[in-house]
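Before any questions on binding or motion, here is one chain by itself as structure tokens, the form predicted on its own.
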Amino acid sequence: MRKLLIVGNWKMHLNTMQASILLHRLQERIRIYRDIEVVIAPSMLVLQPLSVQLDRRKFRLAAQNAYYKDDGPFTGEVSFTMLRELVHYAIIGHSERRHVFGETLPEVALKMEAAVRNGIIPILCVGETKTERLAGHTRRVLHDQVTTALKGLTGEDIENLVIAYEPVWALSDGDPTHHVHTKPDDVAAAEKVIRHNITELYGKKAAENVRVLYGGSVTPDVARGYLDVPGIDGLLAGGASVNYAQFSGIVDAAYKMRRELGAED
């Protein structure tokens, strides 16, 4: 049984003091679980101070983004090389990077290579827009995003890879009244497409080793429904992750599921 992974993407929220307070509250509420890995992805600015405060028995850190060159004259950028002693994971290809900042498929592929090269596990985000979904292009979009992102990696490189299915049309805009919840059947279909594409590239064993997450307006009340989808190994939360009660509730839902399945905590 693959270890469940619960990731909180704090996006562009919280200054240093606010981030420290949130982490303190999460550390008070969240226990140490053997079968669940909890990852937080704060802004780049607060990664270093939080790394000192972090209880590493409970949490791991992720970067929200980085540049694919290891060093050089790239004003304002932070490389994966600079992050390698600081973070365990890095979110790559998030829909906001793709659609707000114009990140292309080749750029995502370069970032995947840079992360692996620097010993950082990528959390690759893939997912279709509402227009693509309505046009019936979900399978093609997922195929293109997965295959191009992995093209520079070896079978050994993807052993620890994480892929998060985040349908763009279901992502929260920060307003708790605007949640659009994806049906578990749609999540199951996307998970199958993702693993099929990995099987085509690297074989069945590699596809089974990759952890596939669901992300898209994840809240405690719907978390269990997505975790019960066969082949889903965890969740990537956005807006809920900056609310300590909501995020700890999502972790609790994961723990209860594992406990009911007979796994030890």
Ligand code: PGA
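A residue's number is simply how far along the shown sequence it sits, counting from 1. This structure is a prediction, so every number in the text was calculated from the model and none was measured.
The discussion below concerns the form predicted in complex with this ligand, not included here.
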Heavy atom to heavy atom, is G216 within 4.5 Å of this ligand in the model of the complex? yes
How about R25: is it within 4.5 Å of this ligand in the model of the complex, going by heavy atoms? no
Does the 4.5 Å heavy atom contact test between K11 and this ligand in the model of the complex come out positive? yes
Does this ligand come within 4.5 Å of any heavy atom of E191 in the model of the complex? no
Can you pick the one in I158, V108, L171, V187 that has a heavy atom within 4.5 Å of this ligand in the model of the complex? L171
Which residue, A223, A41, V212, A237, has a heavy atom that falls within 4.5 Å of this ligand in the model of the complex? A237
Candidate stretches 162 to 170, 138 to 146, 70 to 78, 116 to 124 - the one whose heavy atoms come within 4.5 Å of this ligand in the model of the complex: 162 to 170
Going by heavy atoms, what in 91 to 121 lies within 4.5 angstroms of this ligand in the model of the complex? H94, E96
